[in-house]
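So this first bit is one chain, no partners, the form predicted alone, shown in structure tokens.
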């Protein structure tokens, strides 16, 4: 007899009309969105550092969506933070307009070779959805340690009419959000370059 899969009931977005804010204790309010939270380090730090933050994560790995969502609850952060077993490309179109305050993409490019481009997360189609759901003056933050990808993201986002650099230039030296992903932390510790792009929705 096979053992039950403890991740079988990974958290999913509810059916029907969707109010993201209501999922994290702020009905009708925009939420922060992390695409690909992995093991949740950024979400834990962000919610602990900023008591007003309300964050939803989309994670395509069933195991980590389940574990991180459970740990958020165990740490007393579950009222303001949730992680769902969802593909952003499918889930984000269900979000209403002006429902996201900040969207984070931390190193969304594990397959950096050209033949793997079809597996990239941040694509023109997803960028269109981000332009729809991010509030006016809301933010889009992307960071990578692959310079080629940084140029591609910079070109793609920079050409979109709904986004402009949040500062004088899109590239910024520091992560201003009081939280780091594990990959970012390792890169900083090893002295490796990180290419950070920060945009505001017009």
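Note that the structure is predicted; figures quoted are calculated from it, not measured. Numbering follows the first chain given and starts at 1.
As for the form predicted together with a small molecule, it is not shown, yet the points below apply to it.
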Exercise for the section: Work out which of 94, 75, 89, 132 lies within 4.5 Å of the small molecule in the predicted bound form, going by heavy atoms. Expected result: 89
Handout entry: Interface membership of residue 56, the small molecule in the predicted bound form, 4.5 Å heavy atom rule
Key = no
Practice task
Report yes if any heavy atom of residue 79 sits within 4.5 Å of a heavy atom of the small molecule in the predicted bound form; otherwise report no.
Solution key: no
Exercise for the section: Please check if residue 60 has a heavy atom lying within 4.5 Å of any heavy atom of the small molecule in the predicted bound form. Expected result: yes
Exercise for the section: Considering only heavy atoms, tell me if residue 36 and the small molecule come within 4.5 Å of each other in the predicted bound form. Expected result: yes
Handout entry: Contact check for 146, 175 and 196 against the small molecule in the predicted bound form, heavy atom at 4.5 Å
Key = no
